[in-house]
Ligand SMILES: NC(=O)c1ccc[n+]([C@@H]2O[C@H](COP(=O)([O-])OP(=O)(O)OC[C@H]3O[C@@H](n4cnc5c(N)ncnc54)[C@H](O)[C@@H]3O)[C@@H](O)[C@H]2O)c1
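Form predicted alone, single chain, as structure tokens, below.
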Amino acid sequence: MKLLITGACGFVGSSLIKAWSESGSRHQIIGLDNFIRPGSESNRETLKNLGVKLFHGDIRLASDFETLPEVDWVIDAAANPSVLAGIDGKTSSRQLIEHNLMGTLNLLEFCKIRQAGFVLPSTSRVYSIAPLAALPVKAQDLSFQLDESASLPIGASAKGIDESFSTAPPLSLYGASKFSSEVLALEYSQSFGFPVWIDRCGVMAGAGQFGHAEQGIFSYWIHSWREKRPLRYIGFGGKGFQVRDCLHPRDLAILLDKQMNSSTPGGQRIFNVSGGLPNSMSLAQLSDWCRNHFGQHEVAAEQHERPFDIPWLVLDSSLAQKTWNWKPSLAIEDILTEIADFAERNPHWSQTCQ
């Protein structure tokens, strides 16, 4: 199968490629990357050695697609992944929309012309901020836990947030850009007859992830702790009880193979894809884990809360498990250990990726 992976030298794109190489997959992979993210250059030689043909290009520029070869599927792993993008002063709102929505439009036009399938790794942040922030939680074992005795909104259960949870705005500019991309992809699929799969992922985590909080809190926390860089618990009492789940891209690669080999013409096209409750952890619990591995490190506490911060977000991927006979194979302990081992081998990684 011939694949085009955008953001190929980013963490998710490069990890998918490495996973398929390690599994003995016969995919022929073409990579596209604009190399603007610190750290992406570090993956260039590795991917070339795996036989990936890399193109320097920007998904915001339609002309950069004109010389790309024919492919069977496009996997869009290029995006600005920060929920604060467009409002934090580091990226303009226009830049965010150009990357995440207009880039998707150019990819869909490419798929329309080439009749290639399209896979959009989306995000849990397409779910509505207000009902997420209002979820009833209780503090227990250094973390927030969902209070199952309280009334829960549609789409929330002990297993987490499922696909029926509200996607009504506000979502954040980032969440809105990804949700708009989802809608656009489904409309293109219906109008022009090529297959589309949308996978709403939890926090992606693993070795080699760039050292920025917006690209993955688990990796950022471990590298920062190991390098004795400043860390803060922000909001929610400054205790670090807020909870997220994590997923390794290797497990995503297994699901993508199933989806790209499916001949199902219709039906459900959107799936939550995550580590779920077993692979969830609070920042305070992650600090305990780091303390056991690297020794003591102080974490500052700030009471103020940022826009779009929420106390508990764990995805329920039961639908993906039922539909595809898929579930994550890598436990959170394995993922954290992999990141920690990488941090030991690369003691200045956070500085490399600045």
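Since we're looking at a predicted model, the values are computed, not measured. The first residue of the sequence shown is number 1, and the count goes up from there.
Missing here is the form predicted in complex with the ligand; even so, the following discussion is about that form.
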item: Contacting member of Ser122, Ser282, Asn279, Asn272, with respect to the ligand in the model of the complex [4.5 Å, heavy atom]; value: Ser122
item: Interface residue in the model of the complex among Ser172, Gln209, Ser181, Gln242, criterion: non-hydrogen atom within 4.5 angstroms of the ligand; value: Gln209
item: Contact test in the model of the complex: Asn34 vs the ligand, heavy atoms, 4.5 Å; value: yes
item: Contact flag, His223 vs the ligand in the model of the complex, heavy atom cut 4.5 Å; value: no
item: Proximity of Gln321 to the ligand in the model of the complex, heavy atoms at 4.5 Å; value: no
item: Val203, heavy atom within 4.5 angstroms of the ligand in the model of the complex; value: yes
item: All of Pro131, Leu135 and Pro311 with a heavy atom within 4.5 Å of the ligand in the model of the complex; value: no
item: Options 224 to 232, 108 to 116, 75 to 83, 137 to 145; stretch whose heavy atom lies within 4.5 Å of the ligand in the model of the complex; value: 75 to 83
item: Contact set, 57 to 78 vs the ligand in the model of the complex - heavy atom within 4.5 angstroms; value: Gly57, Asp58, Ile59, Arg60, Asp76, Ala77, Ala78
